[in-house]
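Only one chain is included here, represented as structure tokens and corresponding to the form predicted on its own.
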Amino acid sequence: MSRWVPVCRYDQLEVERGSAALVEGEQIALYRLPDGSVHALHNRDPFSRAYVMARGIVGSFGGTPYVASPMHKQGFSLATGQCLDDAETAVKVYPVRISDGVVHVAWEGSP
């Protein structure tokens, strides 16, 4: 069962820039999009195994918002975590909600 964990204030997130956060010892990457939505992925790049996803470039492909890993440039859907370049690879996605100006993620523990 998941619970909602406060991570940061919404206004601390820059549009189209990733931000890393530590939630109970795990690194996550948060992304605020121009439409005001916020997405959260695990911060570990599955290809390089480096914790760098928050440093990736945010973009859109066919209407799908994604982040390109800064290591090898694979794209990952912000909605599903699915790699756009390798159907067998994905990163964990965390549901996000904003309440009273605070970003919360649904937390179940380690990915």
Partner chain sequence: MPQPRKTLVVVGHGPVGHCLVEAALERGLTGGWDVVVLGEEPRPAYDRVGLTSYFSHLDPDELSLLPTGGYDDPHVRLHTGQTVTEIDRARRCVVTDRGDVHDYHALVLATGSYPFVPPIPGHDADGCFVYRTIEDLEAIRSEAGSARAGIVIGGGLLGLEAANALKQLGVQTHVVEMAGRPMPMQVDDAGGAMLRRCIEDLGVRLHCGVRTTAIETGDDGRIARLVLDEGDPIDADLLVFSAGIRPRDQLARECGLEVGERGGVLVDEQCRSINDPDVFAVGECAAPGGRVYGLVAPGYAMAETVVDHLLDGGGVFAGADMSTKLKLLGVDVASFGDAFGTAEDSLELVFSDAVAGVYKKLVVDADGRRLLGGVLVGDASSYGLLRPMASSGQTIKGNVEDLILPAGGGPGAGADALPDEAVVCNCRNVTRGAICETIRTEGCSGMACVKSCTTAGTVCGSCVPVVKSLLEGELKAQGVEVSKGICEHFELTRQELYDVIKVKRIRTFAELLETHGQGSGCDVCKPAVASIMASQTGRYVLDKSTASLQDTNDWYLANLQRNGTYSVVPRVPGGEITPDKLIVIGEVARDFGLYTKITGGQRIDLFGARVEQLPAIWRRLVDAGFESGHAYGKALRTVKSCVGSTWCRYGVQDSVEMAIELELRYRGLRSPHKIKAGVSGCARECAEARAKDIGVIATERGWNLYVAGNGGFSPRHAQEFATDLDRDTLIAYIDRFLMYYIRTADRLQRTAPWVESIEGGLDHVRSVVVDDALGLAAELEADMARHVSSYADEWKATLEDPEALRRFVSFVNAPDVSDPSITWDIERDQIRPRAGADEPATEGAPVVVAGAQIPVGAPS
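Numbering follows the first chain given and starts at 1. The model shown is predicted, which means the values in this text are computed figures rather than measured ones.
Absent from the display: the form predicted in complex with its partner chain. The rest refers to it.
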| item | value |
| --- | --- |
| Interface membership of Q12, its partner chain in the model of the complex, 4.5 Å heavy atom rule | yes |
| is_contact(A106, its partner chain) in the model of the complex, heavy atom dist at most 4.5 Å | no |
| 4.5 Å heavy atom contact, L22 to its partner chain in the model of the complex | yes |
| Residue contact check: R44 to its partner chain in the model of the complex, 4.5 Å heavy atom | yes |
| All of V7, Q27 and V52 within 4.5 Å of its partner chain in the model of the complex, heavy atom check | yes |
| Residues of stretch 81 to 108 in contact with its partner chain in the model of the complex (4.5 Å, non-hydrogen atom) | none |
